[in-house]
Structures are given as structure tokens and as C-alpha cells.
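First comes one chain, alone, set out as C-alpha cells in the form predicted alone.
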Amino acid sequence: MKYSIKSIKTNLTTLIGKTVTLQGWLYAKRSSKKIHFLQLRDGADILQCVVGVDDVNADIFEMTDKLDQETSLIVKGEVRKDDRSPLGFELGVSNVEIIASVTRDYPISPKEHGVAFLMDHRHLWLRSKRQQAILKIRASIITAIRTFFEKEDFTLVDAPILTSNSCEGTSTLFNLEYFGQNAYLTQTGQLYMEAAAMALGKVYCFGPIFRAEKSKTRRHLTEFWMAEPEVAFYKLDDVMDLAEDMLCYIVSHILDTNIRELTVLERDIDALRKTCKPFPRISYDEALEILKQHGKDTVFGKDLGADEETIISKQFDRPVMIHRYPAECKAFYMARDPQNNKLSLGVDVIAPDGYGEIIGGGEREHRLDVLEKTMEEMSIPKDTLEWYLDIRRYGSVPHGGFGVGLERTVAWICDIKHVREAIPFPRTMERLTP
């Protein structure tokens, strides 16, 4: 009977001593004259399969000695308890069948490879233990985000990828011809979520977005994924509470389900466990004071860059929220602080250890006259945004939300240096393949 390695582990007590069949790929191999140890990878896990000279016929024993890495196999054998194995068992092999041999030397070997080489072979690099661990954690984070919003009674609303308008500035748009008119790849689903929130109250979207930023930093991709909740009647404090609850839920979920993958990545699990409420909440002015104390004077009105965010994050052992940035460095739709019109009711959540902003959001400007005046001052054309202004014309209410970047969150939780490892097939300024 065919099993997966995971299903054997789940049913181990009943399968010890039973013969099973596995399908997978040869991950690694070591041999002696009388025994071969095959590491079989089936996508979910890796299992040691022991081929003894007296347990199989001579042809199979000779054949298994010559197997190349990533040869696809069908392996039959007896499940044997083994306390030395990370899985608690191994397979005593009675038969091996080759599905497909390797036609050339596998390019990724145990030796060190350069980043460019590994990215050129990303389609194969994904088969390594480290990359598998990252992708499994990514999948778990996606599950956690969706589960969190579902349990909080949010409705999933899909935002369009093709749009007719800029959401956050024309300089970072990918544009294309669309049946005789200009169209753009979306920078955010937020504006559409604002419309949906007026219909459904609590909504979120989750999908790919595109930024044509000419940036080569370790934090930037041109295509990445973002979850964006939006809630009617929310104020800034509500937005910060929601972001805090969501991040705590995500980290708790990963600690419950992905300890093994975190161990493969050698992640400091104790540091992750500190991601709990309350998060520090500091104003932009307080952030400038911290920077000044550490020898970095930042001009009021300037958005905080990677260096500044890193300095601030190192003062705390968990994510920190920076709120009330100067209005001039935030988007046109951000509401102003009624106590100080020069400040926006926005918040950025900065991850620990220099991973930068993982969440950006705040309270939206819900007053039609104020929003129209801001758009005029910022030279934002109204013609393609009349539908957005309609949200304020028909029963406008205070509302707010945020966007959480999936890849930066993955990079922080996995403690990986560059976001290109946090997505299966990264797109950057210099990479469009594989």
C-alpha cells in the first residue's frame, strides 16, 4: 500500500513491522560494501531507507549504489522503529524501482554557491531543506492570516489586479496598454476595500501587488503579497489594536505548528516568543528623539528609512508601532490628527532585528470636502477616482485599516536576510526568471 512519510509518522504505532510503498526523490546517499542509506524526499519530509546486501537481489543492490541525487523512485520496505531518527522510524528496503533517472549532474551540491547561481536555479533550490522550511512557514503564515480574519468575522473580498488609477503615486506603477487606454498593475487593494467595508463592515483582501520601485535592497520585491483589512467605524487606535492582535496570532500559530521548520532555520525561538501584547507605541516625534539619542538627526517631515527603522527596532524586543507621521510623507487618503493638522493618523509597525516595516496603515479621511482639497493640493486627478469619492458622498463614516506585507513577515519570522527567499519565485529589478 502506498503511503506518504507524513502518514506513516501519523500512524506509526500500527505500521511498525508492516510493509509500505513510498514515492519520492533521492535527497542524499551514503554507501558501504554491505549497506546503502538512501535519504528519500517525498515533498513533506525526508526518510532514511536502508538497503542491505542480504535484503534485496544483487541487481537492486548494485543499482542503488549508483543512484544520482534527485532520481525519482518507488521504494518498498518494512517500517522499523528507530529512536535515533528525527521521525522515530526508518524503512528496511525490499525493493527499489526507478521512475526517472537524472540526465545530467544535479547543479546544486553541498558546496557553497553564489546567490546569483542559486537564484538562476531557484526551481531546483526549492528542493533543499532550508527552502522547504521557509515555504512551509510561509504557507502557515497565510493560513494564520486567513484564520485570524475569519474568526474575527471579516469577509474576504477580492480586489482587482488591473486598475485605472494610481493609489500611492505614479512613480512606482507598472503600466500597460488596455484596449486603447492606460491600465496599471495594482499597488494595493485598499481603496477597493474601503468601498467593500461600507457594504460589509469588516473586510480584507489577500493577493499579489506590484511596485515598480527601482530599489535593490534586501527588503524590496517588484511583486509581492499583501493582506489588507479595512473596517467601518475604526479609528487609529482600533487599527493598531487589530494589527497587534493579528501579529500575535500569526507568531503563536507558527510556534504551535512549525517548530521543526524553525529549528531547521536555526531561528531563535525564544526571541519569537516575546511577540506578545502590548507592543510599544511611540509617536513619530518620539522616534526622532530615539534616533537623536543614537547619533542620527532626522529632519521632521522625512519618512523613516531602513537605517532609522533598524535603530528604533533594536531598542525593543518585539514589534514597535510608530504613529502620527507628518502628513506630507503619507498618502493622500490618510486622515489628519485633529490635535495637529500637520500629522496623519497613520501607523507603521516595525519588526525586530532590522526587518523594517511589515505593516502600514491608519485611519482614512472620511470627509469629502477635506479629501477633495487634499487631492487638489497633491495634483491627484479626480476623473478616475470619482467612484472612490462616492464612498464619502453616500453615508460616509470614519474607517481604517492596514496592509501587512507577507514576504517581510516571512523574512522576519524565519530570520532570513533577503525577502527573495520568502517567496517561491521572486521578481526584482534584475530578475524575471525562472
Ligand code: 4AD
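In this text the structure is predicted, and so the values were computed from the model without any measurement. Counting begins at 1, following the sequence as shown.
Just so you know, the form predicted in complex with the named molecule exists too; it's not on screen, but the next bit is about it.
This chain is drawn without the named molecule; in the model of the complex, the residue among Leu221, Ile322, Ile141, Ala335 with a heavy atom within 4.5 Å of it is Leu221. The contact with the named molecule in the model of the complex, taken as any heavy atom within 4.5 Å, belongs to Glu357 out of Glu357, Glu90, Glu261, Glu308. Looking at Ala197, you'd find every heavy atom of it more than 4.5 angstroms from the named molecule in the model of the complex. Using a 4.5 angstroms threshold between heavy atoms, Gln187 counts as touching the named molecule in the model of the complex. In the model of the complex, the named molecule lies farther than 4.5 Å from every heavy atom of His366. When contacts are judged by a 4.5 Å heavy atom cut-off, Gly361 counts as touching the named molecule in the model of the complex. Stretch-level contact check against the named molecule in the model of the complex with heavy atoms at 4.5 Å: of 208-216, 241-249, 293-301, 67-75, the positive one is 208-216.
Contacts with the named molecule in the model of the complex, taken as any heavy atom within 4.5 Å, map within 226-249 to Met226, Glu228.
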